[in-house]
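Just one chain is shown here, as structure tokens, and it is the form predicted alone.
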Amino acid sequence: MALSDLYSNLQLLLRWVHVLAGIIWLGHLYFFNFVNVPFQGTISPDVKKVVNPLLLTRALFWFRWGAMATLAAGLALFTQIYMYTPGMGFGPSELFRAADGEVTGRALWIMLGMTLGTFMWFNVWFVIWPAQQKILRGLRDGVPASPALPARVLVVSRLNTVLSGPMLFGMLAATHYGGFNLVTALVAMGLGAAALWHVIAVAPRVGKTL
């Protein structure tokens, strides 16, 4: 039997939007780093002038708005779960603060994930997107952008990719792990970052032997 209360149904809707938008955002982030960057090194400047304005304009649209929708739905979901109690109103819920007044492990994990996710969102909207606009405008107008711009985009995009591992761990650990301490968090962040860094290093070689 389906749940009929507004609180539960709204939470399900927000979770669905958050996850769907996150897939769109991170899917494009991984596409850029694992597929597009190695590909760009194999094509000539003349091909880039034709391909990139069409390809990247579309990809960057879904990339940046996926990030925005992920953040918006995530903040709404955090407010509903951790800063609201049905029948009591707004304020830290029992999932955020335990009876002894301590912030719960679940809340600490989710706030770690939120902090990393918000930093990544900021990079998308205020570093990567403005720089890509200048790069694409230069391709369109035949006036190459400063070489520093692609380098900056690559560094920040790689940083976001590496941070996505720890960010996802924090998001999942909130409900599937619970217990929190500094050592566990540092190990999780290190393993997540190392895994994504390894994939970045392997990506240029993928396909060469096919």
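Just so it is clear, the model here is predicted, and its values are computed rather than measured. Numbering starts at 1 and runs along the sequence shown.
Not pictured, yet referred to below: the form predicted together with protoporphyrin IX containing FE.
Engineer: For this chain shown on its own, do 112, 166 and 194 all sit within 4.5 Å of protoporphyrin IX containing FE in the predicted bound form, going by heavy atoms?
Structural biologist: Contact check failed for every one of 112, 166 and 194.
Engineer: Does the 4.5 Å heavy atom contact test between residue 133 and protoporphyrin IX containing FE in the predicted bound form come out positive?
Structural biologist: No, no contact at 4.5 Å.
Engineer: Report yes if any heavy atom of residue 172 sits within 4.5 Å of a heavy atom of protoporphyrin IX containing FE in the predicted bound form; otherwise report no.
Structural biologist: Judged by the heavy-atom cut-off of 4.5 Å, residue 172 is in contact with protoporphyrin IX containing FE in the predicted bound form.
Engineer: Within 4.5 Å, heavy atoms only: does residue 19 come near protoporphyrin IX containing FE in the predicted bound form?
Structural biologist: Result yes; residue 19 sits at the interface with protoporphyrin IX containing FE in the predicted bound form.
Engineer: Considering only heavy atoms, tell me if residue 81 and protoporphyrin IX containing FE come within 4.5 Å of each other in the predicted bound form.
Structural biologist: Within the cut-off, so yes.
Engineer: Among 102-110, 86-94, 136-144, 123-131, which stretch has residues with heavy atoms no more than 4.5 Å from protoporphyrin IX containing FE in the predicted bound form?
Structural biologist: Only one stretch passes the 4.5 Å heavy-atom test: 102-110.
Engineer: Considering 49, 176, 58, 152, which brings a non-hydrogen atom within 4.5 Å of protoporphyrin IX containing FE in the predicted bound form?
Structural biologist: So the residue touching protoporphyrin IX containing FE in the predicted bound form, by this definition, is 176.
Engineer: Just to be sure I understand the contacts: of 13, 23, 187, 202, which is the one whose heavy atoms reach within 4.5 angstroms of protoporphyrin IX containing FE in the predicted bound form?
Structural biologist: None of the others qualify; the residue that does is 23.
Engineer: If we check protoporphyrin IX containing FE in the predicted bound form, which of the residues in 64-99 reach within 4.5 angstroms of it by a non-hydrogen atom?
Structural biologist: Contacting residues: 70, 71, 74, 75, 77, 78, 81, 82.
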